[in-house]
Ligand SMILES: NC(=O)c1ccc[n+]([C@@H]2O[C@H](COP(=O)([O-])OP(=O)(O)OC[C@H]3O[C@@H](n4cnc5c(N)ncnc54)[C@H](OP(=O)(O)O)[C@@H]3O)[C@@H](O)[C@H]2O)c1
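Presented as structure tokens, the chain that follows is alone, the form predicted on its own.
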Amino acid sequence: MSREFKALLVEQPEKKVFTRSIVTRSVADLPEGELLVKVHYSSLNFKDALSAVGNPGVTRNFPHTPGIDAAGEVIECSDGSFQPGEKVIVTSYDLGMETDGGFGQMIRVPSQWALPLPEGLSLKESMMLGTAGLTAALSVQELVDNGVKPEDGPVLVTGATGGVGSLSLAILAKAGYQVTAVTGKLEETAYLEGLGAERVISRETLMQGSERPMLKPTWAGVVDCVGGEMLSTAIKSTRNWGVVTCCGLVGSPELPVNVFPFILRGVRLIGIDSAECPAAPRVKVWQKLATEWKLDNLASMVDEVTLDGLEEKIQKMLKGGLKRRALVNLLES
């Protein structure tokens, strides 16, 4: 096997200047770890785009290869946790942040970062989902575990055209929930309805009356991917003993809300952290994504690119213009 591979490399030739290029690297350039994986597919996340342009909140040490998602075939595993040829998913932890990630054809990581590919999913399908799918599934699982049932009423998904939002919507619809999707892109209404939304509303519609301390109880559950005022409004309009999950801050990291929804309606707010999520819940939701929550319309939610096509997708993502998730094919790069 060749010990050389292609990768997207972000370099910092001078202060506050970052360049990106496709280069040939050696396995010897990779960090220490028990597990060496030949990457077949990855996916582009907002965190990857930030890393690619040198955002210090994600990556501080350069040169660096981003990519918080990777799926591929085990080449070597020094501690015996996996056998050569096994198919694995590696997401989250430090992958693609300070550890060279999935935008390279090889990764070397601690073996505990990897999970066996569940039966029922291909490597390609797993990266159509990626960290966004994992986060969405963890969010939906919290609704299920906390007693929100399809017959309890509508479930709200904010940021519905984004990666986590669109996948949350699709998983909820697959599980039989009535989903109301919130978006700032009403021109995508037909797309969201195709994913299973029973109703699509604008941000402005949701935010009506948001200055009030409490709003009409409407939602049995909420998957919020935005944060800020939108999350606050969703909490204020959740029904008694409803459940709200939050995983995003594109609106704002601040949460301007009072205690009334919590002490007068028993609303429960649950944070979702896929990066450091323990192995057991990861395995549980990946199994569901391969079986009862497997999405029939998954391919319609992604655009496939090679490493050479990543730059355009990164720039579109940073400008808020990316309409579909970007699946990165490392086999053809």
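Computed from a predicted structure; not experimentally measured. Numbering starts at 1 and follows the sequence shown.
The form predicted together with this ligand exists for this protein as well; it is not shown, and the discussion that follows is about that form.
Taking the partner from elsewhere, residue 23 is found to have every heavy atom lying beyond 4.5 Å of this ligand in the predicted bound form. In the predicted bound form, residue 317 approaches this ligand with a heavy atom inside 4.5 Å.
Contact annotation for residue 126: none of its heavy atoms lies within 4.5 Å of this ligand in the predicted bound form. Put simply, residue 206 is far from this ligand in the predicted bound form: not one heavy atom of it is within 4.5 Å. Partner contact region in the predicted bound form: 224 to 232, out of 224 to 232, 109 to 117, 73 to 81, 144 to 152, criterion any non-hydrogen atom within 4.5 Å of this ligand. Looking at this ligand in the predicted bound form, residues 46, 131 and 273 each place a heavy atom within 4.5 Å of it.
This chain is drawn without this ligand; in the predicted bound form, the residue among 245, 99, 183, 237 with a heavy atom within 4.5 Å of it is 183. This chain appears without its partner; in the predicted bound form, the one residue of 170, 156, 140, 164 with a heavy atom within 4.5 Å of this ligand is 164. In the predicted bound form, the residues of 236 to 269 lying within 4.5 Å of this ligand by at least one heavy atom are, in order, 247, 248, 249, 250, 251.
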